[in-house]
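Take a look at this single chain in structure tokens; it is the form predicted on its own.
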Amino acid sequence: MNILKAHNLACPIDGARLFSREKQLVCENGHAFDVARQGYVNLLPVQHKRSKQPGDSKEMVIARVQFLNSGLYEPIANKLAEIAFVQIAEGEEACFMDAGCGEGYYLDYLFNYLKDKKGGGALSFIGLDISKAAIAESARRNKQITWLVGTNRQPPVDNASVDVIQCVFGFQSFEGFNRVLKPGGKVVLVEPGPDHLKELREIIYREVIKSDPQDLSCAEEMGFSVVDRQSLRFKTGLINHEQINNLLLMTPHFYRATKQGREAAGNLQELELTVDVVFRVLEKGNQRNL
């Protein structure tokens, strides 16, 4: 596979194409965005922020890095890469975007999975997250991926220029996805199944509610259709005290749990967990973007 730098970035202020100039990205209307020392670009205008520091905190990012680097979730990353790979036509140029990429683990895994495939076309990769702390960490993982601070609601990417979007345990914005995907483009969703981390949830909550992945009727109304669904289920084996705490801190369960629940989890020395994950692939209809 031939790896290209993403060339379909758009100004978050006026939507014009962004071009590289020295250590900046600039548009024809004079808007300029600095390339950070780590290599990422912040394309999140202040008017698009809902708080001073949106997204995951530095502490959450560090916890996620330590947990994911342990390899416990590698089966998820490998399954995701297998699914994403079959969504592109052999020999063609394709752009992948990770919407809500966090610290970059899953997109970096996909990058390395695909670059070793023979006979493919030119690929580009965009990692997008609203958390500046997360993107700064992503940029340390892989210098060949384009890492951007931005939102899934308004991705700073050209209309109809992305082939595959992956969204892993993240915030889904089908309005934003619909705009940047090419006709026939795919969205690969990775979501918790009913029994995901059930052993931890039984400790931190008074009542555990099993929920199916979210309803996709809103996406279907936009012209998306579900073309594949797969599940992955496995046991982690015993994880230690540090891994338990990292897992809790990196998930929404940390804020949803009661104080007593967090304390109970924090006192655990080891725990075996069930990983239950659902993968769904949605295809965008062949309608043109308006």
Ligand SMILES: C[S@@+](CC[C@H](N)C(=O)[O-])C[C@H]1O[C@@H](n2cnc3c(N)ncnc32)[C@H](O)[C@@H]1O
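Note that residue numbering follows the sequence shown and begins at 1. Just so it is clear, the structure is predicted and the values come from calculations on it, not from any experiment.
The same protein has a further form, the form predicted in complex with the named molecule, not shown here; the description that follows concerns it.
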Counting only heavy atoms and a 4.5 Å cutoff, which of 144-152, 87-95, 192-200, 109-117 contacts the named molecule in the predicted bound form?
144-152
Does the named molecule, in the predicted bound form, lie within 4.5 angstroms of each residue among 56, 100 and 169, using heavy atoms as the measure?
yes
Taking 4.5 angstroms as the cut-off for heavy atoms, does residue 131 touch the named molecule in the predicted bound form?
yes
Whether residue 68 contacts the named molecule in the predicted bound form should be assessed with a 4.5 Å heavy atom distance threshold; does it?
yes
